[in-house]
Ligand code: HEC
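This document starts with one chain, in the form predicted alone, laid out as structure tokens.
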């Protein structure tokens, strides 16, 4: 008889534990659930962020909606490269979080991904870093904006902002860090997040991450008399465009695309193109890369 009561007691205990485990799983799902229609309380997915429920009216969230980051997942899905689940580590917030959790039959992959580069890509309520960042600001942006991710495919330069800014990894050109490396201790945020009014929704800076030439003076780096970048930029862009056009024509006409000289010239071209700003992150280095590529023309003919 004692064995019977012991068996019943253990059964009730196990049933209680399972019940609370299921409730806990549903609670996690609701915390990350996307907004759903009023007629249903069942979340569409356990993976979607719900940050807008508390932060949707704040400037940072409204600025993010204007940012390229908010389209990162769509750009990945509609882009020219082969889709891999590993691409989500940069293109989708929540990948790192949910890859460590187990949802039977519903894992976070390229089919189930729902978040763009969103709040959890950079922030966590469990973080001890400034602004609840998941990494120090100096390291955060370059964890994705670099050319060695490999997801796009072997030899494909997908992003190159980090390498261009630090002036490295190009072919035939000595290391040439941007002059800004010495003064921008937090790196990218100096130009891409500075804005005049922290409480206002900005069109540049903040969580739009859109850099504007006015930041050169507003950040205290250059006074207005010294800041002629707005006037110089069109000239610089035209110069870089002309060189890139010449390098591309040279590469297209090359009869042997297996030569090391071809590969070196193409690497430099791809680095400037992958910088997505005509080499603006490091103008001297961008010019040096393209000039070296052009110097190889006679060896490619």
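Residue numbers count along the first chain shown, from 1. From a predicted model like this one, the values you see are computed outputs, not experimental measurements.
As for the form predicted together with heme C, it is not shown, yet the points below apply to it.
When heme C is considered in the predicted bound form, residue 201 lies well away from it, no heavy atom lying within 4.5 Å. Contact annotation: residue 125 falls within 4.5 Å of heme C in the predicted bound form, judged by heavy atom distances.
Contact annotation: residue 55 falls within 4.5 Å of heme C in the predicted bound form, judged by heavy atom distances. When contacts are judged by a 4.5 Å heavy atom cut-off, residue 64 counts as touching heme C in the predicted bound form. Residues are counted as partner-facing when one of their heavy atoms sits within 4.5 Å of heme C in the predicted bound form; in 106-128 these are 117, 118, 119, 120, 121, 122, 123, 125, in sequence order.
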